[in-house]
Ligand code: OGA
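This document starts with one chain, in the form predicted on its own, laid out as C-alpha cells.
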Amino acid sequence: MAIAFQPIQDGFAARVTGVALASELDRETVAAINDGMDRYAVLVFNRQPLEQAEQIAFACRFGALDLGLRKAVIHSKDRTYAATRLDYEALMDISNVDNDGALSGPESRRMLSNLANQLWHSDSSFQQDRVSYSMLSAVICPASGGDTEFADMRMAYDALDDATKAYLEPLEAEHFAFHSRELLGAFPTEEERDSIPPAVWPIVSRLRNGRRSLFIGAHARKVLGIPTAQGRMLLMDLLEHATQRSFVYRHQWAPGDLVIWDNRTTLHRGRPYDTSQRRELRRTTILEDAA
C-alpha cells in the first residue's frame, strides 16, 4: 500500500498510512514524509509501536540526533536526575517514571520538567544548533488526559495584520534553556546554566517554501533592542494570538502512536493528567542541517 496523508485540519496536521515505521524505509518513503512535513507540519502515525532501537533507527533516517536539554542535564549534581533508564542517550524519557521504574514523586525534577512541558514551546529553540523534527512515541498512556497540543505558527503569522508583520520582521528574540523552568520557580545550577548559552533567533522565520512562520515560545525570554518588560509583553501577546483554537490540533494518545512535528513551524505543549497513573513516551529530535 502506498503512503497516504489524510488531513486532520485545513493545511495543518495529517494522519499517515501505508508505511511501517519499524521497517527499513527507502529514500522515496523518507522523501514523501519530508514532503508531508513541509505541507502539514504535524504527522500522526497510529498503532505503530516501536522498540527503542527501532525508534532510533527511524529517526536517523531523517538526520543527526540532538540531545537537547540533556546536554545540560548531564552537568546536574543530582546524578539520579542526570541518569537515564533508557538504552540511548538521544531518547528523551517523557514520563512520570523514575530510573528504578517507580512513579516519580511530585517534588522531583522529572515532574517539574513535565510541568514545564505544559508550556507552549519549541524543542531546543534555546541552542545554537537549530533542530527540525521531533518524534514522540507513546508506550503507556493514562486512562484520560495527557494529550499533546500543537499550534501552527505559519497560520498564526498569516493571520497577523500587515503593520504587525512589518514591525516584527527585523526583531530577534533570545531563547534560554532554563527560562521555562525559572518561570515555574526552579533555577539551574551554575554548571547547568553555563552548559547551554542563550541563542538568538528571528521572531519571523523564512521557510524554504516561501512561507513565513513565527518562532516564539516558552524559551524566548526577551526581544533584543527593546526594554525587557515591553519585549516580554510582545512575546505574550504573540503567544496568545498564535495558540487560538483555530490554529491548534490536539492529539489524544494511544499506545503505539507516533507523532512527528516540525519545531521550526509549530509550538506544542502537554496537557495535565492524573500523575498517579503511568505515562511513558519517548522522544527523538533531529538537527536541522540534516533533515
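Note that residue numbering begins at 1 and tracks the sequence as displayed. Every value quoted in this text rests on a predicted model; they were computed, and no experiment measured them.
Heads up, the form predicted in complex with this ligand isn't pictured, but that's what we're talking about next.
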- request: Heavy atoms, 4.5 Å, this ligand in the model of the complex: which of 115-123, 201-209, 184-192, 163-171 makes the cut? Say which one.
  value: 115-123
- prompt: Counting only heavy atoms and a 4.5 Å cut-off, does this ligand in the model of the complex sit next to every one of I94, D147 and W261?
  reply: yes
- request: Select from the listed residues A156, A218, A177, L136 the one whose heavy atoms reach within 4.5 Å of this ligand in the model of the complex.
  value: L136
